[in-house]
Structures are given as structure tokens and as C-alpha cells.
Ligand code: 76R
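Shown below, as C-alpha cells, is a lone chain in the form predicted alone; questions about how it binds or moves come after it.
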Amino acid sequence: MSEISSPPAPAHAEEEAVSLVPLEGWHCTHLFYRFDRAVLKSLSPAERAAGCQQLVALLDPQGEHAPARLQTSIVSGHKADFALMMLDPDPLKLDALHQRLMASALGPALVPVWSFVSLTEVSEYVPTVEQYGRRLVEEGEDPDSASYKAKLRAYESREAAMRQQRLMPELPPWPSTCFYPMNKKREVGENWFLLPFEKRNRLMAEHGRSGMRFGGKVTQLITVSVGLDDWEWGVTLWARNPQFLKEIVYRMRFDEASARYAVFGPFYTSYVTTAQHMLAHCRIPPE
């Protein structure tokens, strides 16, 4: 009896299957570290100086081995001393930076305290131009009116850039940032994943309108970690002032999508800076 075999996969499918580069979007990693002060004291002044020089070079966003996006921040509170946010098409390029840090002269004094692995995405709730037009009608706009046409043109003009920013984002230089992971509930009577898409879409549209009130004050990036980490999504917020972080999170918790269906993990609040300033802030080398 002849052996039965499956038909060969198309060549393009095989190429996609072996690639670490997402078919759409980038890998994203958040890393949080603290300094082991006892180890730092055990290093000689020359070792500490060399280690600081290495760390600054490794955390240079324009450096030789830097990922496509790299941002350093000083963490507020005792959860960590500093944080890194990195994005790149290649996940091993992100991990390689972490490994270089751990192998550096300051590596023995670096203690990783938390990490979060995710991918950028365009949410299924981001409407196409046609869907946005239908939403305007549902909100009372006359499709023959000048107002409707102007709003539709405005959305169409920014849609491509908006999708690009979600997939390959530019990280804003705003000084205040926070990161937190979140899940959607899967409980009896409050299971997000059993809701019909139309209801989920309506709830997320309401949630989005709340966020739009903070335009020019806060910007966000939501990355997906389903199947990659312990939580389902990661939310990174940047603000012109830390007060705006408090205000937007408080306001959006009243939306049904958040109040009824969201579960939040730990919040890491930090302040965007350079590697040099982070070391100086952390008193390394010690004064």
C-alpha cells in the first residue's frame, strides 16, 4: 500500500511559517530593572565607570545594535529603578539588547524585576472609512450633509497614518509615561468574549470617545499579548503632565467596556529620559 501524504504547502506559506517577523506590525518588549546596591559597592571605581559607559552606549536609540524604537525612563516608586520600551520587527534583536546589558560590566548589578512581551496591532474595533461613515449615520449625521462629508474626508485623510502609527509607532518625547497590562473578563454574566461583535464594537467606540477628550494631552499605544504573555493586552500611555495620566485613567474607568469588563494588572509609572540622566538620577556611580 502506498504511503498517503499531505499536499505540499504553498511556497509563500512555508516562508511565512519560518519567519520571526510578524506579517503585520512589530514585536514590543517592556523591561524593568533595579540596581543591586551591594553588588555596585563591590565593583571598583574603574569597573563602575566602564559599566556606565557601556550601558549608555547600549541604550543609545541611534546605537549600532539599537532596535527600531528604544526609550529609557526612570521608574517612580520601588517596583523598579528604570524601564526600557523597545520595538522591532525581530524579537531576538530586542532580547539581544537585554542580554548585552546583563553581560556588561554593570550586568552583575542589574536585577530584572518584570517584563512584558507583545505585538503591535490595529484593533478590530478601528473602523474602516465605510464603517466610520455608518457610525456617523448612527450618531445622527445626514449622509447628504456637508458636515457628514467633511467628517468622512477628515477621517479618510488620517486613516492610513493612524494605522501606520499603531503598527510601527513613533514614541513621543512627552515626559510622563505609564504602562499596565489588562485582560477582558471571562466570568459568568460578564464574559467579554461571548458578547456579539456589534456590542463589543459599540462599547469600544464609547471608550474611544472618552479617550479623544485628552487629545494633545495624552497619547497611547495598545499592544496585544494574547498567546505571548500572562496578560492579553498592554497599555502604554504618554502624557505632557503626570496629572493627565490620572485624569484619563479615572475618566475612562466609567465606560462600560472598562467598568464591567476590564481587569488591570500592576501600573508602572515612569519619566522618559536619557540613559545618562537615568544613571545620574539613580546615583550611579555613587556620589
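Numbering starts at 1 and runs along the sequence shown. What you see is a predicted model, and the numbers here were worked out from it, not measured in a lab.
Not pictured, yet referred to below: the form predicted in complex with this ligand.
Taken together, the three residues 123, 166 and 218 all lie with some non-hydrogen atom within 4.5 angstroms of this ligand in the predicted complex. This chain is displayed without this ligand, yet in the predicted complex the stretch 245-253 from 23-31, 38-46, 245-253, 54-62 comes within 4.5 Å of it by heavy atoms. Using a 4.5 angstroms limit between non-hydrogen atoms, residue 108 is distant from this ligand in the predicted complex. Contact check for residue 231: every heavy atom lies farther than 4.5 Å from this ligand in the predicted complex. Contact check for residue 225: no non-hydrogen atom falls within 4.5 Å of this ligand in the predicted complex. Shown alone here, residue 235 lies within 4.5 Å of this ligand in the predicted complex, counting heavy atoms only. In terms of contact with this ligand in the predicted complex, the residue from 154, 212, 161, 103 that brings a heavy atom within 4.5 Å is 212.
Of the candidates 113, 204, 129, 96, 204 is the one whose heavy atoms come within 4.5 Å of this ligand in the predicted complex; the others do not. Applying a 4.5 Å heavy atom cutoff to this ligand in the predicted complex picks out 180, 182, 184 from 175-190, in order along the sequence.
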